[in-house]
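Next comes just one chain, in structure tokens: the form predicted on its own.
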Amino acid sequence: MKFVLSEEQRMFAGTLRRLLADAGTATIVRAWASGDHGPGRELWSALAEAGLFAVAVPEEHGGAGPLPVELVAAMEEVGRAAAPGPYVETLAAAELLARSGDPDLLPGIAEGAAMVSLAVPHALDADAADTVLGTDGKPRAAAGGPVTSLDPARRLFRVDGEHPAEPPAFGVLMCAAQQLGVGRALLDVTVEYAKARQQFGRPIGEYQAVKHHLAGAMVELEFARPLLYGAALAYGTPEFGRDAAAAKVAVSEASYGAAKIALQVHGAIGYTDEYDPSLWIRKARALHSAWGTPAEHRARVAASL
């Protein structure tokens, strides 16, 4: 199957990429991790004005969607910028509420006025979100303070109530799209570093031990991309859950692999707080198991065959 984005879809993604690049997200990520949500909320509003949330909400509730392909392209850009906040959770909540026939929150989500966290099973950034929902669409209350997270910019909270065994497939797809962006950002910054950093008078990217690893990371990421967009096209069909799970497996492994290569090539500076790539590396590690681990999604794919 050959699939390419339309001109309108590429323009939409390009607009978001420029907006996020101009925002200087590394500073916003560090502020969010320290509990200062102001800059992150400003970025959230700017992305809402650009239409990010509207394409997740049906037209009759103030949106223009749901448009899964546009959302996948958008979430790749959100991941590429490592933008903090419950983007995946809010988009998944919009899709969940539209399906469940409980539309009260949808106009606010479309406008960017409602930041929603979803308990899957922990609620991401419940301290910043306007509303916390369970995967049944009902309001939930956070229980206590944040629990330990691999990524300080992803603050996780326990939530009262029962939780389903499987996360909603739409959120799984959005998380996978975010991971692809994280992986591509790590690959791009590592390639630039390998071209600039010299050893024995030559750029380290000239050595096979480096460039072969980088080429392998690119192949893994680009091989995962068709699964991601294929799952988006399957939205609304019986195969959507299986395809979203398969995409999450492929992108999780590819993005995490890119993070490991990035850390190896950058050396010890790669994990320091002061060096920006560490923000993406931590996010790649956290997203690897968010919305279900690769092992759990492999089991779902196997069970569907």
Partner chain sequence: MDLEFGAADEEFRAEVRAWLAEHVPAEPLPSLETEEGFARHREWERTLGADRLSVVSWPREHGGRGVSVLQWLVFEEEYYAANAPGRVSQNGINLLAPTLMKHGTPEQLARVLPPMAAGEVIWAQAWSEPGAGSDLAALRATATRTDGGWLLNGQKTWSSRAAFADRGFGLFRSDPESERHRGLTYLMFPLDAEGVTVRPIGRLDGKPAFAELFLDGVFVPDADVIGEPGKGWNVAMSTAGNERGLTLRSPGRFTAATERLVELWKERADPSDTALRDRVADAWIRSRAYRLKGFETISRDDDIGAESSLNKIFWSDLDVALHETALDLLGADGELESEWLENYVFSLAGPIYAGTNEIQRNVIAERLLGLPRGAR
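Positions refer to the first chain, counted from 1. Quick caveat: nothing in here was measured; it's all calculated off a predicted structure.
Omitted from view is the form predicted together with its partner chain, to which the following refers.
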Just to confirm, residue 15 within 4.5 Å of its partner chain in the model of the complex by heavy atoms?
-> no
Taking 4.5 angstroms as the cut-off for heavy atoms, does residue 246 touch its partner chain in the model of the complex?
-> yes
Can residue 111 be called a contact residue for its partner chain in the model of the complex at 4.5 Å between heavy atoms?
-> no
Just to confirm, residue 148 within 4.5 Å of its partner chain in the model of the complex by heavy atoms?
-> no
From 195, 99, 158, 163: within 4.5 Å of its partner chain in the model of the complex by heavy atoms is 195
Heavy atom within 4.5 Å of its partner chain in the model of the complex: which of 242, 30, 37, 266 fits that? Just give me the one.
-> 242
Heavy atoms, 4.5 Å, its partner chain in the model of the complex: which of 84 to 92, 101 to 109, 206 to 214, 130 to 138 makes the cut? Say which one.
-> 206 to 214
Non-hydrogen atom within 4.5 Å of its partner chain in the model of the complex for each of 5, 220 and 226 = yes
